[in-house]
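Encoded as structure tokens, the following chain is the form predicted on its own, with no partner shown.
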């Protein structure tokens, strides 16, 4: 039997742990990177949204929420990324296979994105300020509450942004563009000081 393939970070030479930028006080933000164990996009056909929602729940145990509200159950995260389309994240290796069996070609499409997205996490009391400096969204808690996700971009880099806490966000970035995105977010964070973990 073949050995399991080891995941290699696309940021392994850039995201070195440490303290960077302004070191005169407490760091304003912390940055980190996470590789998804399983990330799958599901897309319903126009007349099969209800069937797709039932299929996703049968696989994950989580119910898709309306609008941009994020559903979670255990390690499962469900985020809307457009009309009838959701990202499904889980820590299991067979998520794609199970979703394909449950959904089927008559209900919708299933696309594996595990290797196509990298998650950049930012947290800390200045995280809203850093993100707003280069992404055209209102990151205030009133406009972007905890437990919601929004789509945006930084220049030409598409982003799915999940607010995971009062001072914490996960940004799902196209893996081929994540080095460029990391360069920007590190430069933006340098003004308030940042740590990488």
Partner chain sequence: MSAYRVESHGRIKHHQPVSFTFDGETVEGREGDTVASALLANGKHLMGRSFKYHRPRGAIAAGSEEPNALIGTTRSEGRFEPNTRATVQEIYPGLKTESQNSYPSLKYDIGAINDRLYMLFSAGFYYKTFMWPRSFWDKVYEPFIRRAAGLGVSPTVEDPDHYASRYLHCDILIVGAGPAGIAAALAAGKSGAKVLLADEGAEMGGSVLSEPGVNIDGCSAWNWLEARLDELRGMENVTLMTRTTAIGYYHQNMVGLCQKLTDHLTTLPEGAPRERLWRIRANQVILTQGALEKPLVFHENDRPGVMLAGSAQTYLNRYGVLVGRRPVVVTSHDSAWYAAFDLADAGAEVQAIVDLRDKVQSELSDEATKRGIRVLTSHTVTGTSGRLRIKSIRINPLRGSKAGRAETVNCDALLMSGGWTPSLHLFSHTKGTLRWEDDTKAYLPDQKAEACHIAGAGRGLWGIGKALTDGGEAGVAAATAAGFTTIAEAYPVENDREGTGISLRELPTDRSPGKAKAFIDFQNDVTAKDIRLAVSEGMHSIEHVKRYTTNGMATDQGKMSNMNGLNIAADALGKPQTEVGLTTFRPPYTPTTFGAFAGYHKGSHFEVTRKTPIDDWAEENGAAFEPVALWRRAWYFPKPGEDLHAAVARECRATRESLGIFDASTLGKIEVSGPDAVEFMNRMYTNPWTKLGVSRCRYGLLLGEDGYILDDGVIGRLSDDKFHVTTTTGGAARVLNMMEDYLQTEWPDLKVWLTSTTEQWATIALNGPNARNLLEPFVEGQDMSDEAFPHMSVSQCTVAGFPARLFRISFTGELGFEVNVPARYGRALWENLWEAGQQYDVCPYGTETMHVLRAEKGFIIVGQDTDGTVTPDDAGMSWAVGKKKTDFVGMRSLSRPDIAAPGRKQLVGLLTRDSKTVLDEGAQIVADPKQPKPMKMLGHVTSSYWSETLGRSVALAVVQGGRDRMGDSLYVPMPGKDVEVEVTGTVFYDPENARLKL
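Every value quoted in this text rests on a predicted model; they were computed, and no experiment measured them. Positions refer to the first chain, counted from 1.
Just so it is clear, the following notes concern the form predicted in complex with its partner chain, a form of the same protein that is not shown.
For the candidate spot formed by 115, 128 and 174, every residue has a non-hydrogen atom within 4.5 angstroms of its partner chain in the predicted complex. At a distance threshold of 4.5 angstroms between non-hydrogen atoms, residue 148 is out of contact with its partner chain in the predicted complex. Among heavy atoms of residue 83, some come within 4.5 Å of its partner chain in the predicted complex. Interface membership of residue 110, defined by any non-hydrogen atom within 4.5 Å of its partner chain in the predicted complex, is confirmed. Within 4.5 Å of some heavy atom of its partner chain in the predicted complex lies at least one heavy atom of residue 156. For the options 132, 51, 62, 168, the residue carrying a heavy atom within 4.5 angstroms of its partner chain in the predicted complex is 132. This chain lacks the partner; the member of 70, 55, 31, 36 within 4.5 angstroms of its partner chain in the predicted complex by a non-hydrogen atom is 36. Residues 23, 24, 35, 36, 41, 43, 44, 45, 47 of 23-49 are found to place at least one heavy atom within 4.5 Å of its partner chain in the predicted complex.
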